[in-house]
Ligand SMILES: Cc1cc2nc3c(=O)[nH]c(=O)nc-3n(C[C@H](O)[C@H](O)[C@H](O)COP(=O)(O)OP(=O)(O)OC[C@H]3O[C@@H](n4cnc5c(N)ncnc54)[C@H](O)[C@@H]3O)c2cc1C
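Okay, here we've got a single chain as structure tokens, the form predicted on its own, with questions on binding and movement later.
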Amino acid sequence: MSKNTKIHECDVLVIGSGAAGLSLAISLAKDDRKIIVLSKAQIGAGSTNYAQGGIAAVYNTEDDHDSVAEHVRDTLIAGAGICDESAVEFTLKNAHDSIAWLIEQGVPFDEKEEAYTKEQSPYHLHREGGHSHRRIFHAADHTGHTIQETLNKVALANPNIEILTNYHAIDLITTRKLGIAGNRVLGAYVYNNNDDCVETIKAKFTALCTGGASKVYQYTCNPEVSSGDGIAMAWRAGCRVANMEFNQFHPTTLYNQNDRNFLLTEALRGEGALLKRPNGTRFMPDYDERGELAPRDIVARAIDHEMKKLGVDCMFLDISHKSPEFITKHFPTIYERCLKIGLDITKQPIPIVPAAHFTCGGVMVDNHGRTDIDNLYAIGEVSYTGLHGANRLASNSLLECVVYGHAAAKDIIARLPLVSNIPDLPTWDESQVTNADEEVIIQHNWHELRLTMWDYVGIVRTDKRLERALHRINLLKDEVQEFYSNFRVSKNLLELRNLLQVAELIVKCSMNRKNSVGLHYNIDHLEAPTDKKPTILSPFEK
């Protein structure tokens, strides 16, 4: 690694280039404000790009006779009583304006083919599990990709936004770390993967928009970049985290050794797809009266239970009873993807397994997206707003990104004139480290961590499994910290360091919750919670 003392300066550093990061950056990039967007890979390589289903919002109350109150009710039910009701109401009341903003940016949501009244909106809406009405705006079955592409074009065309690709944030720079009074963020150290060096970014405000941490599990439908970087960095800087025990496992991902990690949208079940055993019989009615439209935690546990009970590798999702024209029109991406592996979903059921999908907890923020540290924000899956509770209602996640991106932008714009210039920051010191001699250590620890989390901290947990997981994680953390202290940083080392920190937080939150609710299911504590309190961890409490 060559020595590099390059220092970037900006008004706002946005770490992450998905829906959360770009919604924030685009909303800020006016009046000569300089915004730097940091992208770990190419722009838009995060989870937004892979979101198939859509974005939930009550845009017009004439659509399916829906209301914001009904959307709030569905969200609270899915969250199993652990949501922050004020955060739910704040988010869903701002849903209409967020959809309108996306449409204004150019997102081409699907429109109705059938006739509609002038009081109704022109958009075709899906219904998904846990929703009582059709309220899911979508672009076929590639909504996230369409939103991502649209926001990419807008951001790239804005001269006030500088996008740095293949840059990996290492750690936040704060006044506390520099021995200055208070705890205010001043920027970040970042690894430039293009030039194999560490650079410094000075910023008046910093926003973590880094997504979730599902890569901590052996099986996930998330992209490679979902390694919990923002959660780990915020924790090390002094932020509290909450509800890390609630990891959502998407019930239906494609089971195929040659095409792993491909999610099969909730909208399939919303449009009538049925879950079946290998012998072709349905099983969801045995677990919940809502059948295939039960919330994700219930569906995932049912699939997991059936697989273990029957000793099989997968269950099946069948939509072949619908017409081929209907399937290929509404689910073209899934149809083409399955066809490439020799599976015609218009005629055959799809083999499926659950996989880690969404981190419902994260860095604690308020309704402006502010964290515990002055001038530091967290937006999207990296954050804990209180919206999701013990389980996320389908298609509320993209909405959260846009709503809180706009809320944070308004707050930052109001506060920017009050922020003084950033003092000189020390450059990254690598004088005491050398090049790593055995990268195999990183790879071995990486695989051990993800398998440990899958086996011991997965869909079904026990006290003993959690204790074993924490013991292994602590040993791995010690090894990796020694490695980090003695060798120059690399992308894999930085991700493993962050994943180990997040894994510890997940296990500790799981151990602190002495009940089973939503996505946290511990067979040693099957009783329901007696209160609606989140599980909160502070880095200053041992």
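Numbers follow the displayed sequence, beginning with 1. None of the values given here were measured: they were computed from a predicted structure. Each form is matched to the other, and the largest set of C-alpha atoms that superpose within 1.5 Å is called the rigid core.
Only in words, not in the display: the form predicted in complex with the ligand, which the text now covers.
Participant: Trp101, Phe205 and Arg370: each with a heavy atom within 4.5 Å of the ligand in the predicted bound form?
Facilitator: Not one of the three qualifies.
Participant: For the interface check, one of 325-333, 180-188, 375-383, 461-469 should have non-hydrogen atoms within 4.5 Å of the ligand in the predicted bound form; which one?
Facilitator: Result for this chain: 375-383.
Participant: Spell out, yes or no, whether the shortest heavy atom distance between Ala41 and the ligand in the predicted bound form is within 4.5 Å.
Facilitator: Yes - in the predicted bound form, heavy atoms of Ala41 and the ligand come within 4.5 Å of each other.
Participant: Would Gly211 count as touching the ligand in the predicted bound form under a 4.5 Å heavy atom rule?
Facilitator: Yes.
Participant: Is there a heavy atom of Ser397 no more than 4.5 Å from a heavy atom of the ligand in the predicted bound form?
Facilitator: Ser397 belongs to the contact set for the ligand.
Participant: So, Ile15 and the ligand: in the predicted bound form, are they within 4.5 Å at any heavy atom pair?
Facilitator: Within the cut-off, so yes.
Participant: Out of Gln501, Gln52, Ser510, Ser27, which one falls within 4.5 Å of the ligand in the predicted bound form, going by heavy atoms?
Facilitator: The residue from Gln501, Gln52, Ser510, Ser27 that makes the contact is Gln52.
Participant: Which residue, Phe316, Tyr255, Phe109, Tyr167, has a heavy atom that falls within 4.5 Å of the ligand in the predicted bound form?
Facilitator: Checking each option against the ligand in the predicted bound form, the one that comes within 4.5 Å is Tyr167.
Participant: In sequence order, which positions of 271-287 have a non-hydrogen atom within 4.5 Å of the ligand in the predicted bound form?
Facilitator: Residues within 4.5 Å: none.
Participant: Answer yes if the CA of Arg337 moves 2 Å or more between this form and the one not shown after aligning the rigid core, and no otherwise.
Facilitator: Passes the 2 Å threshold, so yes.
Participant: Superposing on the rigid core, is the Cα displacement of Arg296 between this form and the one not shown 2 Å or more?
Facilitator: Yes, shifts by 2 Å or more.
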